[in-house]
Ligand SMILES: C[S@@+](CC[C@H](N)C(=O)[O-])C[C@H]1O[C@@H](n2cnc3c(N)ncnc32)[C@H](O)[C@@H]1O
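Given as structure tokens, the chain that follows is alone and in the form predicted on its own.
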């Protein structure tokens, strides 16, 4: 029997969650087939990335909760000279079999990584120009192109935008100025954002920064068509644990009427907004007078208790869609997520409810995971 070929993968994650990220990815790989001859994952605490080795399995990015990005790792350059970083990078990329639709230079999402951002901004145009001359980077490719966007993407007569968006991306990740990890990502099995970060601008009118979590969740879990279809003006929503109104604000700005449930006060423009009904009640005891389109929930409570609440709403038929947060414990975080999501699946399966569920630790999340649950058509 021949030895399986080993594949190397680079995953980005929130600093401090490296163990959870690696553990989850390895578990998923084992579900595809046993891991034979693979090395132990390379984990550096609080680094914001992990390096795992598999025997030919391909992780499924959308099913990974803690991974921000998934990159097939091709080369590691352990010693980059300050005098000439360009030549060894070009040599390594020249050996790769394809050309690329985008070049992303990336750094860890850490304080140390931020000090490298000025370097990557200066280096990006030099490397792009050299790779185009080499024929490895297609004309019109830009480091900010999002694969699912065709309208407004860079276009040339030589390479239409839709073809660029189907090509693999080239990633060069700098843990520091002396090292480079060179890899590729499949636009259909990775994040569409540089560094796997869907950055959001803080709206001036929003009453709290928690609004960024829901804004990011909408971008991550729904494409533009789904957003237009599922978040329409005139719809209704309930926000459990609403105060001071960060999540309610995201619904209201889309013309959705919200019952904001919280004993605390709503602030700013939401205090007397025509689309907001503030109900001073306990979110765990509240029951709507009639069914709504959306349930949103960002309450500080154990994941199991929140999961039970969300399940009860779907089983009662009180909502069609939900976005909610699961606050994670200090230890056994992956186990807590598994238990909460597994509890929801078990209860909905028992009731014969068709649904789709997705979960991610978002960039704007901290010690929590955001979940999207929606009723699916038969």
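Given the structure is predicted, the values throughout are model-derived calculations rather than measurements. Positions refer to the first chain, counted from 1.
One more form of this protein should be noted, the form predicted together with the named molecule, which is absent from this view; the next part is about it.
Contact check for 210, 244 and 261: all three have a heavy atom within 4.5 Å of the named molecule in the predicted complex. Comment: the named molecule is not present in this chain, but in the predicted complex one of 282, 277, 84, 226 has a heavy atom within 4.5 Å of it, namely 282. 299 is the sole member of 76, 218, 90, 299 with a non-hydrogen atom lying within 4.5 angstroms of the named molecule in the predicted complex. Annotated contact segment (heavy atom within 4.5 Å of the named molecule in the predicted complex): 299-307, selected among 123-131, 95-103, 299-307, 195-203.
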